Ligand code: BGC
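As a starting point, one isolated chain is supplied in structure tokens, in the form predicted alone.
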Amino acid sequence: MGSAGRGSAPTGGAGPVSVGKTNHFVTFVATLAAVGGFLFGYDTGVISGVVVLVKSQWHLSSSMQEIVVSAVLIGAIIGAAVAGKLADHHGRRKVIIAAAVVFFVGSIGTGLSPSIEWLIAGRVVIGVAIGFASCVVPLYISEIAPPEHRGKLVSLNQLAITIGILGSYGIDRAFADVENGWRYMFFFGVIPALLLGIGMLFVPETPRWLVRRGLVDRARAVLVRAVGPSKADAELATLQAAMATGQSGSLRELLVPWLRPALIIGVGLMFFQQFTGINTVIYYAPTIFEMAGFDSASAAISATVIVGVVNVLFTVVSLWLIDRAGRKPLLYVGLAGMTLSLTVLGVAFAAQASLGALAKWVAVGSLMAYVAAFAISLGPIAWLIMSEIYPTNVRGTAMGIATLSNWAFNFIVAMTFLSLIDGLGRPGAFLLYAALGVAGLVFTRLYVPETKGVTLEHIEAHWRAGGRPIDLGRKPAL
């Protein structure tokens, strides 16, 4: 939460905050909300195994495979486009519950698909839920977490996404050799959907949203549980002061000069998260491994499970580092690692004829390194920074725009990957993603702020004072 006096200047300084144990109530609530991230990851990753099976069953061309994979992104764009406004108007908690309901319906519908057209429609429905969850879950957690633990708590969502992806790979492998096994891959999504929907009925709305709606007594009750009675009143006063700006959360207010840097940073991070190629790996990992020399669907899916394990393990590492090392150092290390591993993968495909059987293991190794680098950097940090840099009264709308851009970029990458392979060849496609990794390093150096340990209210004060993004976290915000 945003206490003005927690180890920093009361007017908005960005000095260090005291780090203690995370409140068990806050940890529980954040973990439950992060089940939305698990569903996001599961329904994103499960298609990698599904498409390998249905392309044979329904004799799908490369372009039709791209449509099956990308259909979920159309829904995600729709969901993200409305999620922010819904969250600002109805509350963060209710939108997460709505996402759980849509996840449940979509999982049943896709599992029962009688045709490819039905499957595509069901994936669009699931995409709407993913759009809701990707926007509102990190928003909800960031608004209920204290600043000294906000990084790891918001990043619980990213950890849940990676566990969901790994879970989907495991389910894909379990049913890879079963007749109509892809249907069971989809059906398993109903279990976490029920857990999320029922669980969110018993947790509170965020204090920031409650104060914004004038529900001060309810906000204080949540703050008492989150930070303790001794700090609740100070936290409440800080929130009330931050709300006294008269902002209504409109799109026009996001375009005012002092907020433009935050909007550019959010959209820019989403661009580099997607255009460095992560979802080509998530959606097409078995396909990539088949290109590299694995000669059966089950073998390719098994290799993909290894990538999923690496994704989870290094996201755990990121949770440990993110509030210690800071956001920017991890971005530097991660983007450099992603660029290097993509280069190795591109070179391996270029030399595939001479490497022979070794090529498939170079592909596995480079993809493992790539995913590890992503998992400690752009994976969690892009979503984390996006949840931190916007003022409370426009945060839902702003995150909706940044999330919408993420899914739009994701859609472009997913819809063009196989075509890019056809046009540039396998080496050219991955070397293009590597070049964009270099551009991401430059963007991080010039524009991305350090938000470690800085309260959300201090970040807003920094923008209002006309501060440069790269100065945030290095000097007082005012």
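Everything numeric here is computed off the predicted structure, so don't read it as measured data. In this text, residue numbers run from 1 along the sequence as written.
Just so it is clear, the following notes concern the form predicted together with the ligand, a form of the same protein that is not shown.
Taking the partner from the other structure, the ligand in the predicted complex has a heavy atom within 4.5 Å of a heavy atom of Trp383. Looking at Gly379, you'd find a heavy atom of it within 4.5 angstroms of the ligand in the predicted complex. The closest heavy atom approach of Ile165 to the ligand in the predicted complex falls within 4.5 Å. By the criterion of a heavy atom within 4.5 Å, Thr206 is excluded from the residues contacting the ligand in the predicted complex.
Contact check at 4.5 Å (heavy atoms) against the ligand in the predicted complex: none of Ser70, Thr287 and Phe411 pass. For the ligand in the predicted complex, the listed stretch (233-241, 146-154, 273-281, 170-178) containing residues with heavy atoms inside 4.5 Å is 273-281.
In summary, among the residues Phe374, Phe186, Tyr140, Tyr390, the only one with a non-hydrogen atom within 4.5 Å of the ligand in the predicted complex is Phe374.
Out of the listed residues Asn406, Thr110, Thr304, Ser318, Asn406 is the one that sits within 4.5 Å of the ligand in the predicted complex by at least one heavy atom. Within 4.5 angstroms of the ligand in the predicted complex, the stretch 308-346 places a non-hydrogen atom from Asn311 alone.
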